[in-house]
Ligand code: F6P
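For reference, the chain that follows is the form predicted on its own, supplied as structure tokens.
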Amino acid sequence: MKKRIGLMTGGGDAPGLNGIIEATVRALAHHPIELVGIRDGFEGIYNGSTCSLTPEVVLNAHASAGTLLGTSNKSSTKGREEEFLKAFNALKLEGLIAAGGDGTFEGLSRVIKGVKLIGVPKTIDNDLQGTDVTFGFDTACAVVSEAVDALRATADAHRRVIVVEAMGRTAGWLALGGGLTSYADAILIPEKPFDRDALKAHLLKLRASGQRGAMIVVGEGAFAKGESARIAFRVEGSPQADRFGGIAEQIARWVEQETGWESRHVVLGHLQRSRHPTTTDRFITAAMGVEIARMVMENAWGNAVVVRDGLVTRAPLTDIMKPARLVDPEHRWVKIAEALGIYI
């Protein structure tokens, strides 16, 4: 008799989620396992919305962004723990494979004693503890880098400063990675509040040197010294209700006022989630799917599949249920940026 195992994707979508789904399904195809897809994250558990996952259903899904199961970051288990466990038990699953970020695992930590769980850390923000890197980050980082490369041409054409806003919430990995690899002129991240006077002096120096345009990459949660991050709006009921945004426009107006250098801003937003996965993210998710299958067959519940020292391996689930992993202001990427003359 086949074991029924659930597979769920929660939180914001990330390039590579479909790779996790396809690789897991294909690696378990010849074992006595029935994989049940749970639609729309926690909402699918509460609503009992599922689908059958077979090799035919997932064929070539790995090449697409998004998630064929759907996802949501609006539902939580807080105050609904008993309801969640009752709904989960009604699905008659022997275990759950959950791919998600900090919001998903914060929610699952409340019901962990009632669910056999394998965790798959996922976020384009790259801020989950317990793993060296999360799939989706490389792809999202490429979107930021390629956007800065492209926008530099129009910045130079019009003698403008263009401020590019990257996602990341309180973590600056995306802004740092995308800004560094595109050789942006300035990178602003939440972990290192910027000095307005120093940034102004840096831009004026660039302009005086004859540089026609300049590129600034800013993480959505970044802020100046003595100030605080800008909250664009709130999503009530979400594990992460505060949504950051608006800093790029604010900085663009400030640059123009303070330096006289015409400025524009671009918010990349969900473009960072919607690109097809890079080969790096495809390698990671293929290896993760194979490891997840091994974990299911070995009944290795209570563990997560992670990347450490360049290898896909497993670790205690509690390792990824910790506070966000932020950029160390002394991180080697920060030092490289400084050595290249980039303001950070």
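Nothing here was measured: the structure is a model prediction, and the numbers come from that model. We number the residues from 1 along the sequence you see.
Not on display, but discussed next: the form predicted together with the named molecule.
Contact annotation for residue 104: none of its heavy atoms lies within 4.5 Å of the named molecule in the model of the complex. Mapping the unseen interface onto this chain, residue 219 falls outside it, with no heavy atom inside 4.5 Å of the named molecule in the model of the complex. Although the partner is absent here, residue 165 lies well away from the named molecule in the model of the complex, with no heavy atom inside 4.5 Å. In the model of the complex, at least one heavy atom of residue 123 sits within 4.5 Å of the named molecule. Residue-level contacts in the model of the complex: of 265, 273, 202, 160, one residue has a heavy atom within 4.5 Å of the named molecule, and it is 273. This chain is displayed alone, yet in the model of the complex one of 77, 73, 145, 131 has a heavy atom within 4.5 Å of the named molecule; that residue is 73. Per the 4.5 Å heavy atom criterion, the named molecule in the model of the complex is contacted by stretch 168-176, the sole one of 112-120, 83-91, 222-230, 168-176.
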